[in-house]
Structure formats: structure tokens, C-alpha cells
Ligand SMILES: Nc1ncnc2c1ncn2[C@@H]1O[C@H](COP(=O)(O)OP(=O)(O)O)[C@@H](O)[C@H]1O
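Given as C-alpha cells, the chain that follows is alone and in the form predicted alone.
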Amino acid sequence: MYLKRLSLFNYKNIAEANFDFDTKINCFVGKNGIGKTNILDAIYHLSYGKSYFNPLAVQNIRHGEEFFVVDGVFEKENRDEQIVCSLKKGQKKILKRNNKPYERFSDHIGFIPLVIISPSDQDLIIEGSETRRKFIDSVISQLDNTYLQQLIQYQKIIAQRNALLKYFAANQTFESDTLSIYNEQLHDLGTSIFKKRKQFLEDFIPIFNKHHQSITNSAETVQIVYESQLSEKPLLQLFDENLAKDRVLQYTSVGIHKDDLSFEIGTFPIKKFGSQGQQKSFLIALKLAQFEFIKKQSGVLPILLFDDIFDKLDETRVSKIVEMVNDETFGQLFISDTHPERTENIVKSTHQSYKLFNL
């Protein structure tokens, strides 16, 4: 599977652009702020139906314009697949496959497997638990649509339960029967999600450790620890024990929406005790493990986007990663960098076909 062509119209700072890509390596080079990352984000958009960097969809429309269009043609299983994502101000975003609109964006997730490695991945270490949960969920969802639907349903019911708790407080009333209906539904969904997250991490962590040892030459000991309240007690029991607290707070304080991953170096949080270099190595290993996990489970080589590649690693490590293209570890690779000569020298060393786009 690979991306053959990409057309952009009014996307972020790009008025109009068209690209024909190499099946192996594609490099976008140019000064900072010229739009390299935006092109990678457009490719991400075609896989996930949303931006990796801008949570507000309307912010992806070029300043002063009314709409954007991202149009890509992929070759998958020897046939062309056209994916188009577009948004007009004041309207719903549209995602189409071969001119047929998706009723649910979630049905598209996993069709174009893709992994992005970006400087903004630092958020996985420095931000709160929601960012790390999103990471787990995005990997599992690319391979398991049932999981994604369960997650969407769980979030809807949590919102309903929270609204009910607010209603009780505002009206100084309480209906245990109504609350118990939500509790039962959340228990079933939450238990299933917890089991899938736990199984995923049991499979994922050894792959992560292998990549981390390779990148650092086994110089450091790191670990990922899954933290979930459901490890201790069933969700129904947690709801019962925290009912008084939830009524005071007027929201649901326990459940899988509170899960987290602890990233550790030695036995200490990497956020506080890891150097910048150690954190970068950790994140690269995390994303390469994501790539390998999706590849193993789906049987498809995901597209790999490597944004601002030298922000992450020194030239030796970049060479090491790009060399992996040689042994068919990777499929199609997209790289952005500020130095054309540096990028071209490393890419040439792979003896693979490539295209260099000077922006």
C-alpha cells in the first residue's frame, strides 16, 4: 500500500499544491514555516479523518478562505482508492472513499494504516493522562473497529451519567434506578475496553523494549506501566464505593477514562528524571513499536511520516532508521527536514528510489 498522488486546496498555509509520490521515500525540504509539516498532516488527515496537530477542524482552513480539500489516491491491494477529506465553514466535515461519503468516520479508521513521528510527540511525556490514553486507543482502533465503537459508546454514556449527576445536584434529588442503568452499561463496556488495553500492552511492551534497546544500544532500562483502577476492583464496585464523591463532584470520578501509562527510566518517571535525549529515544521506540505492531497485526506496511527528522535524532541514528527501508522493514516513507543536502545524502545511502520536494 502506498500514496500515489496528493492534491491540497486551501489547506492551512497552502493555497494549492499537487504531488506525485515515489513508492518508497519522499522528502519535503525547505525553511521552517514553509509548510512541510502541513503536507504530512494532510496525509495523516486521509488516514484518520482529522489533523494530528489541530483539534479544531476549522483551523485547518487557509486564512481568509471558506473551505479546504485534501484529496489522495492510494494503491492498495492492486487497486486505486481515492480518499477525500473536505470541510466548509459552518458545515460538517466530509470524508469520502471513491466518491462515497462515510456515514461514520470511525468506519474509515484502519483502512489506511499510518504512523506519524513528530516533535509534538513530546506531549505523550509532558501532558496529562488523556494524551497517553489517546495513543493506546489510536493504535488499537486501527486494528479493532469493535473496540473503537465500544469506546465511542462508553464516552457517550459517561457524558449522560455526568449530566444526570448534575441534574441530581441542581434539583436536590436522587434516582438510584436510573443511575444503575448507566452503571451497568459502563461496567460492561469498561470491562471489555480494560481487557483489550491490557492485552494490547502485554503484546506491545516487548516490541517497544526491543526497539528501545536497539536505538540506545541497551544503555538504559525503561518501562511502560499500565495504571487502571479496574486492575484492583470491578467497575460496578468502584461506582458503589465512589457514589458520594461523584454526587459532590457532579461527574464520574472512576472508570477506564482515568487509565494512564507510566513512562519510567529505571524506576523513576522519565518526565522528571530523563534527559532530553533519553526522552527522544523513548518516544522514537514507542512510535517504531506502534509501526511494527500495526504491521504484524494487519499484515499491511503502514505509511510512515517522519516530521522534522533531525529534531529527534542525530545523523547516525537517522541513518540507522532510514537504512531499515533497505530490509523491507518500512513501506512508504515521508520525511521532512530543513537541510536538503543532509537529507539527500542519507536517503541516497539506502540505494532506494526517492523523490525530493524543495518547498
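Just so it is clear, the model here is predicted, and its values are computed rather than measured. Sequential numbering from 1, following the sequence displayed.
What follows is about the form predicted together with the ligand, which we do not show.
Among residues of the shown chain, residue 342 is not one whose heavy atoms approach the ligand to within 4.5 Å in the predicted complex. By the criterion of a heavy atom within 4.5 Å, residue 34 is counted among the residues contacting the ligand in the predicted complex.
Although the partner is absent here, residue 50 lies well away from the ligand in the predicted complex, with no heavy atom inside 4.5 Å.
At least one heavy atom of residue 13 is located within 4.5 Å of the ligand in the predicted complex. Looking at 84-107, no residue comes within 4.5 Å of the ligand in the predicted complex, counting any heavy atom.
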